[in-house]
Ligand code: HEM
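Read the single chain below, which is given as structure tokens and is the form predicted on its own.
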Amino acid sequence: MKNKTALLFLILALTALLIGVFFGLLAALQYIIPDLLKDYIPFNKVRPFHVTSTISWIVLCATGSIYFFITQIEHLKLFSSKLIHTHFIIFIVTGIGIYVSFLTGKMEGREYLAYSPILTIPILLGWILFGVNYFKTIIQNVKNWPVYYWMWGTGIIFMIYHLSEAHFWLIPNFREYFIRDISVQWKSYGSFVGSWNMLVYGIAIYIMSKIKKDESSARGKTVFFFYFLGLTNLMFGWAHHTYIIPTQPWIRYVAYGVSMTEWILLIYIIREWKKSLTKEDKKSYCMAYKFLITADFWVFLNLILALLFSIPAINFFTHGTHITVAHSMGTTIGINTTILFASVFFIVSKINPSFKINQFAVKYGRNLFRISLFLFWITLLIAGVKKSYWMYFSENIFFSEMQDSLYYVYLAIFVFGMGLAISIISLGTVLIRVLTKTLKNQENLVLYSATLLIIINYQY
């Protein structure tokens, strides 16, 4: 391999996933034992560590996968190797800066982007460098783009815009008007997720076309209809988060109409692809195939849940409860993470097909992943229903009493979360080991590791 930075992105992504799992478990444990580490790292610090790490996993893995696909499988000459190296260094340095921001209590940001807003500047710079490198490479080398090139390009452009939009609250004209402020904030976050979905779903279609060995599946009318539907969803589907805000009725109607249609078509594409595969195709990329089928299952489950709480009357009762968290977990873990696991396993099968993977860890890790995630999701729904009932139908019951009544539900969330964590750690460590061994020339890895240690020492 000439360009190993794509693998470094993947190793960093898997590391972020393992960190996110750790903080997710800690957060679940703090529901059971509220005073646990309260004086050192309270829940209001644990949550942004968890959220930021899991978002970083999605973004970094998608980025590394795209770089790998276009350079190592499509054999396109990258516009600039320096830009990809700079992109990686910017992201790893900024990631450390974000963690330091959380540790020191400098959390001036909002919700998913709780870190100091100044750190958004290098993040945006990294995305701009990615965009320049991507478009310069593709435009110069490819004509008649298959759909995944359009999806990746669209995801990059909208990621830059909506990441900027998420910080419009820094402008007084937005911050001083509550309805405008909260509307733009929720819109930007919804479309921010839609942007990385473009990247991830494009990766899914890319892998499917390569496993099938048929590019026509990425150029047909159905997948391009899916692309434009996803684009519409990205631009308008966010509004189903804003039912409680006084907005124009047509915005709500459009949002309700488009918010879940993308998933319906994704289910159709995956299932049609599954039917068309031969046994040999399935065996050649066994784990990538299995994780894509798992993603299909979670698209179906999350579609049912999302269709229900996209109905304004139901959304009123579910908003702000663990039902929303269940939807988020079903999306980020059940759909995005399974697709990205499929991507990394596909990449591993390409770069080192002869390398012996720990089959026990992979097989049982995947089975434990599927079972634990489903039970984890169910217990979150139960917690959400109980909290919603307390919010709207209970009288004279304090919040602390409601929390105490959920003790065993929270305990179940922790237990199933532990099973999920063990499965992810099992799969993640296997993949990190393979990717690290693939870097036969360790100079780049040592260089980046040394840079990382210097930065950490400097920060402290």
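Keep in mind the model is a prediction, meaning the values are calculated, not measured. The numbering used is simple: start at 1 and walk along the sequence shown.
Below, we refer to the form predicted in complex with protoporphyrin IX containing FE, which is not included among the displayed structures.
Given that the partner is absent here, does residue 329 sit within 4.5 Å of protoporphyrin IX containing FE in the model of the complex, heavy atoms only?
So residue 329 counts as contacting protoporphyrin IX containing FE.
I'd like to know whether residue 197 contacts protoporphyrin IX containing FE in the model of the complex, with contact meaning heavy atoms within 4.5 angstroms.
Close contact is absent here: in the model of the complex, residue 197 is far from protoporphyrin IX containing FE, nothing within 4.5 Å, heavy atoms only.
Taking any heavy atom pair closer than or equal to 4.5 Å as contact, tell me whether residue 147 reaches protoporphyrin IX containing FE in the model of the complex.
No, residue 147 sits far enough from protoporphyrin IX containing FE in the model of the complex that none of its heavy atoms falls within 4.5 Å.
Residue 25, heavy atom within 4.5 angstroms of protoporphyrin IX containing FE in the model of the complex
Residue 25 belongs to the contact set for protoporphyrin IX containing FE.
Are all three of 208, 297 and 363 close to protoporphyrin IX containing FE in the model of the complex, meaning a heavy atom of each within 4.5 Å?
No: no residue has a heavy atom within 4.5 Å of the partner.
Position in contact with protoporphyrin IX containing FE when the complex is considered in the model of the complex, options 107, 100, 301, 325, heavy atoms within 4.5 Å:
Looking at 107, 100, 301, 325 one by one, just 325 meets the 4.5 Å heavy-atom criterion.
Could you spot which one of 60, 424, 430, 66 gets a heavy atom to within 4.5 Å of protoporphyrin IX containing FE in the model of the complex?
Answer to the contact question: 424.
Could you tell me which of 67 to 75, 332 to 340, 149 to 157, 121 to 129 sits within 4.5 Å of protoporphyrin IX containing FE in the model of the complex, going by non-hydrogen atoms?
Every other range fails; the passing one is 332 to 340.
Suppose contact means any heavy atom within 4.5 Å; which members of 30 to 55 contact protoporphyrin IX containing FE in the model of the complex?
Sequence-ordered list: 31, 43, 47, 50, 51, 54.
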